[in-house]
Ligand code: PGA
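Shown here is one chain on its own, the form predicted on its own, set out as structure tokens.
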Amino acid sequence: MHSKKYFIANWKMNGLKKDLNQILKVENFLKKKVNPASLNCIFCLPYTILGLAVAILKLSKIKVGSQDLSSEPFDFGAFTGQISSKMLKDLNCKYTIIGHSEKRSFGDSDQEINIKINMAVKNNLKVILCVGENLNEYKNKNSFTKVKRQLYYALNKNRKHLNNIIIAYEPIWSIGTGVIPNNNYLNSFFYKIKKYLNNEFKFNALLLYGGSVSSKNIKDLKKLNLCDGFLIGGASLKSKNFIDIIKNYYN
């Protein structure tokens, strides 16, 4: 477990220009209340407000990231609707999410995830790689088999990039449902992931949890021995909720 914790907001398909004020409130809270050595705070925003957040807010305590990037292995080209890692870097992005379950459900293949990781690291973006199983796989006790497969295909051809990759475990059946695996299950699962990554890749990974994280359950999630932080969805949209998660974690 690493001492510096990650609190990563994933706004998904949410956010207008007026909502940048929510990020500014978190920035001001971090400036006044939080020891900067204790956490990394990252907001992964829609493309429509990503550049605005950098240009308007002048953030110093918060880093910004994208929620995805193109799987085309080019910096530029005739790829309508695509955003390359080069373009994200130009916005002063530091991170990008890759392999989120929602993107996988829309068709992201293992091959595309491989390319995305390679292109992200090429342009000095750190990768938040999402892995997780669905409800049927969980009920059939195939959770770890599924996650191990996702990790292998994402990392095997990117072994030289491992230091630029953070792993976020998100059980798909927990996202947005309010249902969270108990701590015994998560501690055991995190141990299996860490052990696999050490054995297969000699990789001491940063490992995050995502899935219905809230200010109400963060004190229990704090007890996860091998957890290095959290990927937070709906609870990150309002500054008060996100700030309360951080407050309740440290108080």
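Don't overthink the numbering: it's just position in the shown sequence, from 1. Since the structure is predicted, the reported quantities are computational estimates derived from the model, not experimental observations.
Separately, the form predicted in complex with this ligand exists; it is not shown, and the next lines address it.
*Asks:* Look up in the predicted bound form whether residue 121 has a non-hydrogen atom within 4.5 angstroms of this ligand, and give yes or no.
*Replies:* The answer is no: residue 121 has no heavy atom within 4.5 Å of this ligand.
*Asks:* Does residue 15 make contact with this ligand in the predicted bound form, using a 4.5 Å heavy atom cut-off?
*Replies:* No, residue 15 stays farther than 4.5 Å from this ligand in the predicted bound form.
*Asks:* Could you confirm whether residue 72 comes within 4.5 Å of this ligand in the predicted bound form, counting heavy atoms only?
*Replies:* Heavy-atom contact with this ligand at 4.5 Å: absent for residue 72.
*Asks:* Could you confirm whether residue 116 comes within 4.5 Å of this ligand in the predicted bound form, counting heavy atoms only?
*Replies:* Flag for residue 116 set to no.
*Asks:* Select, from the options 75-83, 168-176, 137-145, 150-158, the stretch whose residues sit within 4.5 angstroms of this ligand in the predicted bound form by heavy atom distance.
*Replies:* This holds for exactly one stretch, 168-176.
*Asks:* Within 4.5 Å of this ligand in the predicted bound form, which residues of 94-129 have a heavy atom? Give them in sequence order, or say none.
*Replies:* Sequence-ordered list: 100, 102.
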